[in-house]
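Below you'll find only one chain, the form predicted alone, shown as structure tokens.
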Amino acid sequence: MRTEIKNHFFDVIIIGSGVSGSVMAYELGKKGLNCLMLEAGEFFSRSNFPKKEIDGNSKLYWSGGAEFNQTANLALLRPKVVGGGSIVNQALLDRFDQNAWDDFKRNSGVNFFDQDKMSEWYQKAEQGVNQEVIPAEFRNKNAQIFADGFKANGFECAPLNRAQKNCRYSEGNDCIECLSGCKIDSKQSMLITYIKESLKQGLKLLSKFEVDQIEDKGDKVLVHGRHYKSQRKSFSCRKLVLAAGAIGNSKLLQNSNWKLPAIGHHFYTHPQFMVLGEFKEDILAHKGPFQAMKSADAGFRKKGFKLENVFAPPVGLSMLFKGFGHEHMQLMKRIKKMACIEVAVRDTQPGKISFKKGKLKIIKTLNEEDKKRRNAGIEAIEKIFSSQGAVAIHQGNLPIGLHLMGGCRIGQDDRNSVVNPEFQLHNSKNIFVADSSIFPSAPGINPSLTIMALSKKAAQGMVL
């Protein structure tokens, strides 16, 4: 979407159109505020989402599909599209448990990090999207192996709570296509929920516009950037919302020479390792609603990992398989016979995001505790697959970071945090942040619903 922006001064400018930016645009628009949303990615709709995996990778993500840590052994997926991660994820919604909130509070000193205090904000967030679980009769064989394997080993599992509506499973829809955007508008992405309603309220949205510098002048904030293949342009506002995620917010503040020492620090990713179980018969894990089940085992939670049944399109899977040439080709030919479960680690080793001469540098590794958690998860997966008759088990060759968190940590002290408990930058009353970049640690739970809840709370507290 390329909207002609005639006005260059707004009540609020929102940088980023993912979950946080979209929710805040909607809440601020309800207050009657004149808002502008700037998004570096392209505007797609159900009629023109990429149809091929390779096009989806190049058009919906930064850096053509994946970015890597400094040692190139962790791939980071960072969406670049109007609607952000809600366009390319599986719309999984979970509330944080008290364990996660206690960890947040311990690392930040923020008092509202509590199940009871966040309950009203979760309720408000849940009212904005339709939620469903995949009915048992429509789970594919991959999900059945997951559930049966859990039962056989005495593990606890549960259906995934998803933001979706009328997926029309009986018509044979394959949800794996949703990784490049839902083509029937079933997935309750920001595009068809909060952004749609915000546009009705008067939100101005400029896509393919990358902001590279901000300036807080006290009475206003200046925002500078470039529209795709156009000259540089500047806008100004009374209040600014940073909603570009862990990497995007860190980059923008560093490029703007912001003077807070913790910018880019305390970066987490929930490193996810996919493990494939090969069976004699066809599993067709890519068919139908392919991500339906999660672990709900207290023992797993205590050990710092969770499991979900997943799958990936061919290009993604090709990056995970070990080997080269003929060996690799033979594995790819057998993907129809493979089930897949991923272990997501609740990482304890924080990373660091930095930009030098415009180049992204990410230092992110697994410490011994993180490796212990990974190994415990893989061991559980191997037991699940073995109990269901797998003839071979293949561990993925490359971990994936999907939940990018931190970099603008929330806290009381400006020496080790970036954002205060009022969601403002420590040294600015005009700039607000409420997305996953403020997370002080890794929760070990899908963050999307919590980002929505925090953004609702932040928007209500904003005063012009």
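Start at 1 and count along the sequence shown; that's the residue number. As the structure is a prediction and not an experimental result, all values here were calculated from the model.
One more form of this protein, predicted together with a small molecule, exists but is not displayed; see below.
When contacts are judged by a 4.5 Å heavy atom cut-off, H403 counts as touching the small molecule in the predicted complex.
The closest heavy atom approach of V12 to the small molecule in the predicted complex falls outside 4.5 Å. Of the heavy atoms in Q90, some are within 4.5 Å of the small molecule in the predicted complex. Within 4.5 Å of any heavy atom of the small molecule in the predicted complex lies no heavy atom of E126. The partner is absent here, but in the predicted complex a heavy atom of P79, alone among P350, G304, P79, P313, sits within 4.5 Å of the small molecule. Using a 4.5 angstroms heavy atom cutoff to the small molecule in the predicted complex, all of A40, V211 and A243 count as contacting. This chain is displayed without the small molecule, yet in the predicted complex the stretch 71-79 from 113-121, 369-377, 194-202, 71-79 comes within 4.5 Å of it by heavy atoms.
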